[in-house]
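Single chain ahead, written as structure tokens, the form predicted on its own.
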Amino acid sequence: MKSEAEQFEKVGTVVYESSDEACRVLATEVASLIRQRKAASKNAVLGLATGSTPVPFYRELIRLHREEGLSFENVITFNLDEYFGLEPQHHESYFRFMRDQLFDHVNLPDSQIHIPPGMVTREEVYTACREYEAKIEAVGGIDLQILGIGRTGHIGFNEPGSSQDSLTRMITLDKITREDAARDFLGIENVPRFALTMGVGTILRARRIALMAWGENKADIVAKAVEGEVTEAISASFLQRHENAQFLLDRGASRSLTRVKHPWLVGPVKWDDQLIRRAVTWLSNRLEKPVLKLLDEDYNEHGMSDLLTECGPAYHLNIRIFNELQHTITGWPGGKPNEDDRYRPERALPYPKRSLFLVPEPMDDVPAVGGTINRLIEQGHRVDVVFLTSGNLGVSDGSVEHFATVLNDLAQGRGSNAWKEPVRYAGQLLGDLENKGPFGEDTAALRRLKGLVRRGEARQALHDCGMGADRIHFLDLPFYESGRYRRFASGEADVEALRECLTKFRPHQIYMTGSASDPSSVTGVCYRVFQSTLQKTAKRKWRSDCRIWLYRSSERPLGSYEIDMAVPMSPDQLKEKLSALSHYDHEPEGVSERDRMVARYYDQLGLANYEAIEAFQEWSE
């Protein structure tokens, strides 16, 4: 039976505090299934997914195997999909992914592993897909199918337009899907255009289906799949028609469900300050009315009559929320010295402040907070930027080739012994590039140089924001230097490095991102390291006088009701920020639109109409 709060949800949905908790619950279910089947002398047949979402789930299965003796000898697996034309040992193939993330760490016999054959010829595809279906049927079907969900709502590689009855087949990858994979492949031009995937119909034949989703970037598409109409445009919506399907979400991925985003629409709520602001701004946007023009009947007709009873009439409530929103806007992100700060987001004292920006990767800083950095520097605060990782995984081979070629060109005709070592180094780099090809692993020398390239870009971009070189630092956390996208695992060494960094700076302000990210992404891993570091420094004296401001980098922007500090930018300031980004070999898209979008939030609510705004949410326990 659904609860009152879940009345809009058309498929079972469970929200957990974290992805780790959800993965523990699901892994326990899988372990129980495996053991029950073994007791009955039967196999457990699992359908498996790839991507960053299931990584913590696989790590929990590995832990159960190592620490609790869970055996996989009676398990048969079928993977959802594989890129067409990718060698099994390619570092982005799903064959390689599954080996790295699960198969090489448990006692699962190779003969019981099945992955769609990406290396068949085009003429062999249809037969290979039919054979894959036959193998599933031959073992009695899939007991439990694990899924993630893509930005387009796809499950497996069932892109928009996939029918409910579709079977295993070749599919052309959607542009958004290829863009999402571009970082892993070091450029969208390297992402395969085709893949083999189980069909929606194949998936729906599983006896039990569990779809996992983490982070706020998945929230909107999850809500559409769970609460919207069943449609071929969102293949995950077909799970509504399965009698034993369930969505497992962390708090971030649940944010757009009606019971979380608009709880007053599904039943009685306990109104607090944040929920009141959320409800009023939602009503203002829904009716396209400024906050100060909302009427009593507007509240009554949209499920908020009890709010009026507690806090009304509308006139008083509107003024209260309007003032709260207005007080979030400040041109003084470090606080305005010698001024009454009761209605400002930041305190006036101490002045000047030590402001510390923690940045997961280069390009997570200037696009999101370049204007605020510039404003703090201009207002006399000490600003330090610490890049937590080198960002070398995001640098293209072309940047290395360009550097080596210029070095060789400089040496031409010089004839000096002093140039022998640079020429040898350039030759080594070019040789490493040729040997690894477009898809091979970078050597240590390549990663080191790519890190230096990214450092130079970051320094130039921050220089345009007014930063001095002595205020730019690189922490190079170990998890990144030894890992790859979607395969990161942080540890105590990362926490200790960040602890030493915070102890050194003893900041009055910390700016950090990643709270809304997929926990397996670089920003997500860095945020978890940050959380662990905060626990270890909780009793330090400097912490009692330190405020933490969360910002969004590549994640979706903060909603108007979530913003505690809004730093406006003029047209010229936005132009200067975008100019700073030109120092990177590829500029992130949508930066100006994101900042303008936040400004439109305020404009639509009836506040000042700014060109752009950088937004922050105050962190609390």
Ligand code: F6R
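Don't overthink the numbering: it's just position in the shown sequence, from 1. Everything numeric here is computed off the predicted structure, so don't read it as measured data.
As for the form predicted in complex with fructose -6-phosphate, it is not shown, yet the points below apply to it.
Mapping the unseen interface onto this chain, Gly252 falls outside it, with no heavy atom inside 4.5 Å of fructose -6-phosphate in the model of the complex. Taking the partner from the other structure, fructose -6-phosphate in the model of the complex has a heavy atom within 4.5 Å of a heavy atom of Asp81.
Within 4.5 Å of any heavy atom of fructose -6-phosphate in the model of the complex lies no heavy atom of Leu26.
Interface residue remark: Gly156 is counted as part of the site for fructose -6-phosphate in the model of the complex, having a heavy atom within 4.5 Å.
Partner proximity in the model of the complex, defined as non-hydrogen atoms within 4.5 angstroms of fructose -6-phosphate, places exactly one of 147 to 155, 308 to 316, 475 to 483, 295 to 303 at the interface: 147 to 155. This chain lacks the partner; the member of Pro568, Gly51, Pro56, Gly559 within 4.5 angstroms of fructose -6-phosphate in the model of the complex by a non-hydrogen atom is Gly51.
Of the candidates Phe357, Phe238, Phe247, Tyr94, Tyr94 is the one whose heavy atoms come within 4.5 Å of fructose -6-phosphate in the model of the complex; the others do not. Although fructose -6-phosphate is not shown here, in the model of the complex the stretch 204 to 232 places heavy atoms of just one residue, Lys218, within 4.5 Å of it.
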